[in-house]
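In C-alpha cells, the next block holds one chain alone, the form predicted alone.
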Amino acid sequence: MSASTLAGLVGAALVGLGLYGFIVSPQPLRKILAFNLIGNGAFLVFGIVARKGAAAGFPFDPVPQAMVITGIVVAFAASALAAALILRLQEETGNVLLDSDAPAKPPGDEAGAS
C-alpha cells in the first residue's frame, strides 16, 4: 500500500468519523468539531487526488492547492462564527443543547424585571 493510498483512506476515515459525530451528538460544539473533521478529511482526499494526477504525468496545476488553502481559511472563519453563536445561545437561553424538549426562556424575561 502506497503512502498516498494510505493518506486517502485516512481522509475517508476522517469524513466517516465526522459524519458519525455530526449525526449522533446533540451538543453544538461537538457538531462543529465533527463538521471540521469532515472538512479536513475532504481537504486531505482532495490533496491526494491532485497529487495522484501530478504523479500520472499531468502538468502541474496550482488550483487544487489554492482551493484547499482557501477552504481551510473559510472553515476556520465558519468555526469561529459558530462558536460565537453558541456563546450567544448560551447567554440568551442558559442552555446550549439543541433539544426541542428543553424549556426556553420567554423573550424579554430578564432577571430582576418585575
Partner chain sequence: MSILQVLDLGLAILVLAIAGWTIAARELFASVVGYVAYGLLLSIVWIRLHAPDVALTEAAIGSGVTGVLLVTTGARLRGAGGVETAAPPRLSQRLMAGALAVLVAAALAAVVLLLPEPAPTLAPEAREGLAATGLGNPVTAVLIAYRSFDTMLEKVVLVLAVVGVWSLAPDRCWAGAPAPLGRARPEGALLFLDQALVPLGILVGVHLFWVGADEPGGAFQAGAILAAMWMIVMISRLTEPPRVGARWLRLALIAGPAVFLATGLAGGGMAGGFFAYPAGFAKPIILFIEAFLVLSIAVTLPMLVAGPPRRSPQS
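Residue numbers count along the first chain shown, from 1. Throughout, rigid core stands for the largest set of C-alpha atoms superposing within 1.5 Å between the two forms. This is a predicted model, so every value here is computed, not measured.
As for the form predicted together with the partner chain, it is not shown, yet the points below apply to it.
Peer 1: Using a 4.5 Å cut-off on heavy atoms, what residues in 64 to 83 are near the partner chain in the predicted bound form?
Peer 2: Contacting residues: Gln65, Ala66, Met67, Val68, Ile69, Thr70, Ile72, Val73, Val74, Phe76, Ala77, Ser79, Ala80, Leu81, Ala83.
Peer 1: So, superposing on the core, is the move of Ala56 at the CA at least 2 angstroms between this form and the one not shown?
Peer 2: For Ala56, whose C-alpha is compared between this form and the one not shown after core superposition, the shift is 2 Å or more.
Peer 1: Relative to the form shown here, do the C-alpha atoms of Pro59 and Ile48 sit closer together or farther apart in the predicted bound form, given a change of 3 Å or more?
Peer 2: Residues converge in the predicted bound form, at least 3 Å closer.
Peer 1: With a C-alpha distance change of 3 Å or more, do Phe60 and Phe43 lie closer or farther in the predicted bound form?
Peer 2: Relative to the displayed form, Phe60 and Phe43 draw closer in the predicted bound form - a change of at least 3 Å between their C-alphas.
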